[in-house]
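Next up is one chain by itself, shown in structure tokens, the form predicted alone.
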């Protein structure tokens, strides 16, 4: 899975919009949406909210967690804790990117939010790298990945897979009865 696939999954998350048009309930495979009435908030998937926003048919209401004070708290907690803290959305990074790229005019203090989310991301990725380094240096065979998002796992996946494959090959060569000095790929 690459970053674009994770972003695709993030677009299925719901966000509140305030439409400026009228439309009865629409029936889609993924569920019913609407009805849409001017000025009345309605929950829709991010992909639809961005489409309507680009056509100037709605205003997007930022998620409750997309607030400077809440993000500062989250950043400070993430920096203070040794383990990964729970994030407000499993797609917080992708949603921030999408909403700020296409609807920054609907989000108060958009630049501060962008910086705070980037700080949180950088802190979490640094923790992830330290955890991976510790995991590999201690020759562990498994790890528990609590409170990581799909994008964070995706970021370090290739490195971990290569490292674990090398560790497996080294361990299998140290076993009694193994062919000396020859690696076998599985």
Partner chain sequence: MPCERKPMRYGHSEGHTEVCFDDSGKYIVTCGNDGDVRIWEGLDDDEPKFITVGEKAYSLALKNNKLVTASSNNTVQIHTFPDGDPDGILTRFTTNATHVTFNSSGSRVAAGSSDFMVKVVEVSDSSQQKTLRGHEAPVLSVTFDPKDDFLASASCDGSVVVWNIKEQSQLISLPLLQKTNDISNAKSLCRLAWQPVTAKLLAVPVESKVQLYERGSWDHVSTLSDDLLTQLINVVVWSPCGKFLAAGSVGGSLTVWDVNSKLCVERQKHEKGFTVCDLAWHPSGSQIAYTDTEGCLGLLDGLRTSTSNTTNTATKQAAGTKPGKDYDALFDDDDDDRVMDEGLSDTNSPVKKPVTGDDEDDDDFLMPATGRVRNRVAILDDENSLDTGSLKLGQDKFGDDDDTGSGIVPAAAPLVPLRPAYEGPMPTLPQKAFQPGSTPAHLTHRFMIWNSVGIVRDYNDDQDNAIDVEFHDTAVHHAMHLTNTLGHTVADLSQEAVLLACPGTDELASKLQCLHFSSWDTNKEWMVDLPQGEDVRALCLGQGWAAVATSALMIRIFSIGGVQKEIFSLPGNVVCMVAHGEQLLIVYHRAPGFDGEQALGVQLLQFGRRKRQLIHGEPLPLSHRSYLSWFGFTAEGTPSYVDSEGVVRMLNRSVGNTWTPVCNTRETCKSKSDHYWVVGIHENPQQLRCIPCKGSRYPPTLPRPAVAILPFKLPLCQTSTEKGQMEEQFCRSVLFSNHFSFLSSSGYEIDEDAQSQSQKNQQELLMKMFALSCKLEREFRCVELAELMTQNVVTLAIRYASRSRRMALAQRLSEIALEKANLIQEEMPEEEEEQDYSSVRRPSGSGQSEAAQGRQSSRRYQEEEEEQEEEQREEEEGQEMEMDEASETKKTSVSPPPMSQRTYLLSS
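Positions refer to the first chain, counted from 1. It should be emphasised that the depicted structure is a prediction, and the values quoted were computed from it without experimental measurement.
Keep in mind that the form predicted in complex with the partner chain is not shown, yet the notes after this line are about it.
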In the predicted complex, is there a heavy atom of the partner chain that lies within 4.5 Å of any heavy atom of residue 37, even though the partner is absent here?
yes
Does the 4.5 Å heavy atom contact test between residue 20 and the partner chain in the predicted complex come out positive?
yes
Does residue 53 reach the partner chain in the predicted complex, with heavy atoms at most 4.5 Å apart?
no
Members of 77-106 lying within 4.5 angstroms of the partner chain, judged by heavy atom, in the predicted complex:
none
